[in-house]
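Shown here is one chain on its own, the form predicted alone, set out as structure tokens.
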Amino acid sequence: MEANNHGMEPLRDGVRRGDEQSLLQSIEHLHPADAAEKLAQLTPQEVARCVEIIGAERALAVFEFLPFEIQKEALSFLGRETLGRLITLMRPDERADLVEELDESFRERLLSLLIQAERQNLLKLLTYPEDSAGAYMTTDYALLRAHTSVRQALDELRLQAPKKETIYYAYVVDAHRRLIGIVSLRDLIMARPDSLVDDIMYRNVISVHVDQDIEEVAQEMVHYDFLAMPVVDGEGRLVGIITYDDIFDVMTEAATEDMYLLANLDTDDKVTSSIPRSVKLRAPWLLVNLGTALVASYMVSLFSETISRFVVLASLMPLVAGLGGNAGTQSLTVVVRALALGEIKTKGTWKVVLRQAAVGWCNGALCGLVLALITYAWHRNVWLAGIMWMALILNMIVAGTLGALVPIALRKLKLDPALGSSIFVTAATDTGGYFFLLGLATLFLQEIVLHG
């Protein structure tokens, strides 16, 4: 991405120079998120023009709410002074996320606008693995020393506050920057001014390692109901904190990814994607689905003689297969969610599988009884009704078992539990449904024909 020298040109399409003030006035009293929605309707060049007029200091809060793509494009239209100021004022973690997506030449330009300390901090953040705690942490946190008095601590927090992301919690470190305690702003306000931080700080600090997987960090923050989580290195030194807004983004992304994977979609597939790109991303899984469907079709072909002798089975097969597929999706969704939230431990996996199988048996008995009664009322054949009942019970047990077993097995193989799970579970319930129904029908064919 190259810098554009036309960032100060008049805006187009209704926001030219004469309309700039009215536009800016209309967003002046809005929340930054709402103001960003208005600016997102403009082109990146127009957004850059608004930033130039407002100034980096006032524009920063709105700019950080803009979609990532607009941010990247708008940067190229900013003048050098505004660009440098905007990047300097950004939170370290937000700055790192943005710079990481830029091409090499424009990244070098941005780095040259930062002072050495900020540049080194940015480069350090960029070295952490993408899904690690280090990649999501910010280095803007409130810091105190244990020997400081409460009165001095409050004075220090007043000085630190304008440059820190949050001061609700202050982190206490020793001379080697090792994390030894944490103190809340509430505790500081309520404490005697002459008491020491060491007297009121909480010493049993829960922290995460800088290389820890971010989804594990999210689970811990939800478990402890933290607003922020301290991040330490291998020697216990405080290197940053992860705030809840970042964890919320992680959880949203993880939920979206699981939803896409359960539907056998790539997370890069969007409603705005080009037709060739969407086809490229969706076709592979559809072809896998075609392969599993052929297995189910082959299963049906093995019982063609039975179907030809009792044609009504053709109209009943989708009921057993369809109900089994829905039951499998229910179990699958519950287990994938539990795995994502860390609710399933290694030693308890078989209990989960057996519980889902038991749920399948109960639902199969209940729904199978209803289906058997409908079948009898429809065809007046007690043997056929009984076969439908037994087939649905068996298929529901398979659905519950595999709905739990497949994602758990994928997790043990270090794969995403949602990856392709729905295809395999649906294939099993389709094939199983046809096998149980047609197999039982073949076994009791003589009775069905005699009582038909």
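Nothing here was measured: the structure is a model prediction, and the numbers come from that model. Quick note: we count residues from 1 along the sequence shown, nothing fancier. We call the rigid core the largest set of C-alpha positions that still match within 1.5 Å between the two forms.
Unshown form predicted in complex with a further copy of the same chain; subsequent notes refer to it.
Contact annotation: of the candidates Leu89, Leu341, Leu126, Leu102, the single residue with a non-hydrogen atom within 4.5 angstroms of a further copy of the same chain in the model of the complex is Leu341.
None of Ser76, Gln212, Ser273, Ser195 but one reaches within 4.5 angstroms of a further copy of the same chain in the model of the complex through a heavy atom, and that residue is Ser273. Contact annotation: Ala117 falls outside 4.5 Å of a further copy of the same chain in the model of the complex, judged by heavy atom distances. Residue contact with a further copy of the same chain in the model of the complex: Leu98 places no heavy atom within 4.5 Å of it. Using a 4.5 angstroms limit between non-hydrogen atoms, Val334 touches a further copy of the same chain in the model of the complex. Proximity of Lys164 to a further copy of the same chain in the model of the complex falls within the 4.5 Å heavy atom cutoff. Of the stretches 107-115, 77-85, 127-135, 248-256, only 248-256 has residues with a heavy atom within 4.5 Å of a further copy of the same chain in the model of the complex. Contacts of stretch 348-364 with a further copy of the same chain in the model of the complex, defined by any heavy atom lying within 4.5 Å, are made by Val352, Arg355, Gln356, Ala358, Val359, Cys362, Asn363, listed in sequence order. Relative to the superposed rigid core, the position of the CA of Thr139 differs between this form and the one not shown by less than 2 Å. Taking 2 Å as the criterion, Pro193 does not count as shifted between this form and the one not shown: its C-alpha moves by less than this amount when the rigid core is aligned.
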